[in-house]
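This document starts with one chain, in the form predicted on its own, laid out as structure tokens.
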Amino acid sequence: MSQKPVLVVGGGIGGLATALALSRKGIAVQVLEQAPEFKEIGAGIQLGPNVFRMFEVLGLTEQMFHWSAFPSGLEFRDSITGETVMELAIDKRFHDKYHAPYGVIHRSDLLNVILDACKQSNLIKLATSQKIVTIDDDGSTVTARTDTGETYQGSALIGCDGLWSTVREKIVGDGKPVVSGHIAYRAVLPTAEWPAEYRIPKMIVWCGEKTHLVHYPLRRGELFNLVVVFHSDRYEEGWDTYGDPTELHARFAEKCEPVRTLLQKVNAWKMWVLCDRPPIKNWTKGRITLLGDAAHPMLQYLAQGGNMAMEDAVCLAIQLEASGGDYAAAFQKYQELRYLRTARVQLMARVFGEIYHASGVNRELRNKVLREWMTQGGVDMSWLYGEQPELPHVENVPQPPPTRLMS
């Protein structure tokens, strides 16, 4: 391999996971993060069985177990009638089916676990306040320049800079992301402040007409995460904007009493606009490629954005190791192996959004189908949670202890 490091643009979950995965293969990495510190905004993130396999590969399982909560089940409730439409147990049978657990974690905890592992590697250099403005690939070296005039040279470059990726604009050039018309509000509360009747270790989704609400425990049961999504014409870029409680409560005025009560528990809401992009087949050019949301941003309805980035990182590291230093070939192979899987998740996330927010007859049909699925033993998610041919085989991720909520 070249003596020059691989440049990783973006120090979020995908960027740091990429750096760690490459370092595990003996590849030197320079991470360039535009923010003044490595920090995740947002709240909870769901961890499917598929990402726990990646934690096993990267040696992170023990720490992820420490910081995660492990719900005992998932309930879909109708937010208008309040009835439970479908309930799925996340138990030993679930673990035996997918050979890995299902967990939830605070984004900052997830990032910090990966960041700490990166800091322990002498193959990874981390730099903050580095906003990349130009990238040049001369066929043997990739040069990245910052807005302050600093220059970095690498053997290749991986754009992990998210939904509004600067690197994507150079490689794909498809403009801004697609605004979905869905707004999400999020809040995190200490478990002791959460209503006692819902202080249970489950993920509960209240599905409504053009709205839904989801809540679940975080951080070993010390916190509760609440996310509310509804259709809106409001639009602000970014993830860290305070929302309008008046609009929020107006959208849920016709919902059942439990949902309205849950909304009253929160007095400071952060808002973000949900965007994605249509799937594409090519996100690579020469020695430059994309990863995670920069390559295949998706709506949150399958809770797989971070999970897909972790899978990308492991797959890419395998291809780079196998290429013998041919970065362009490795990037093409990685893209070939990943584009259909990530496209399926992108498209199915949109479908699940329609299911969550169904109105009228569609809502009645959704409830009928979910009840039928429950009587048939639930939904088979092997296409998503099962092992993938482009990723390492993991025999079995241990089953974690049950989460006990803090009083």
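Sequential numbering from 1, following the sequence displayed. Being a predicted model, the structure only gives us computed values, none of them experimental.
There is another form of the same protein, the form predicted in complex with a small molecule; it is not shown, and what comes next is about it.
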Legend entry - Contact label in the model of the complex: K131 to the small molecule, heavy atom within 4.5 Å: yes
Inset, instruction - Answer for Q304 alone: is it within 4.5 Å of the small molecule in the model of the complex, judged on heavy atom distances? - result: yes
Legend entry - Contact flag, Q300 vs the small molecule in the model of the complex, heavy atom cut 4.5 Å: yes
Legend entry - the small molecule contact at R277 in the model of the complex, heavy atom, 4.5 Å: no
Legend entry - Location of the small molecule contact in the model of the complex, chosen stretch of 58-66, 30-38, 371-379, 343-351 [non-hydrogen atom, 4.5 Å]: 30-38
Legend entry - Among the candidates R199, R107, R260, K285, the residue which, in the model of the complex, approaches the small molecule to within 4.5 Å (heavy atoms): R107
Inset, instruction - Tell me, out of L391, L22, V397, I13, which residue has a non-hydrogen atom within 4.5 angstroms of the small molecule in the model of the complex. - result: I13
